[in-house]
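Form predicted alone, single chain, as structure tokens, below.
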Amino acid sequence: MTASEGIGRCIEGRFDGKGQARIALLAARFNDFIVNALIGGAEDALRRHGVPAANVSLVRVPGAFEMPVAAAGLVQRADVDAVIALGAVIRGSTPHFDYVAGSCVRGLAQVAERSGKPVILGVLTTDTIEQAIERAGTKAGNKGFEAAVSALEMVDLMRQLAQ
């Protein structure tokens, strides 16, 4: 017996963006050699799942710390169904990492909760630059691609829940 066999109705989002999903990629310029790979992965996923290029916007901010305020502006727009935040915060030898990563994640979660629109976390938080490189398209896949697929699923799910 699977988890949903005894349930009368199961609502799940589909990964189909054909002509409907309007996505904002919110990308940090800091650590841009990593972030650019995440953007490429997200664009690849959106294209493969039928999202027209005209439905995708790229918004650049200085770093991860600035993402929540930009995300708050983006979710207010009628032409944005979901925001995908893409960045890389790499631990250094100071507590700066903890403040930036924590503020970014907490702020993005608050934007999603307050707006009711999906704000997908594609911000890498790693101990080393090697770990970031692995998550941006080498050994560990591309987290930008994964974030884009999550965005499509959530856009579709939110549409179903609104019916």
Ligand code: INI
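Just so you know, these numbers come straight off a predicted model, no measurement behind them. For every residue, the number given is its place in the sequence shown, counted from 1.
What follows is about the form predicted in complex with the ligand, which we do not show.
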TODO: Identify, from the list I120, L46, I34, A28, the residue with a heavy atom within 4.5 Å of the ligand in the predicted bound form.
DONE: A28
Open item on the list: Only one of I39, V51, V111, V100 gets a heavy atom within 4.5 Å of the ligand in the predicted bound form. Which one?
Closed with: V100
Open item on the list: If the criterion is a non-hydrogen atom within 4.5 angstroms, does every one of E66, A88 and H96 touch the ligand in the predicted bound form?
Closed with: yes
Task: Contact of G116 with the ligand in the predicted bound form (heavy atom, 4.5 Å) - done: no
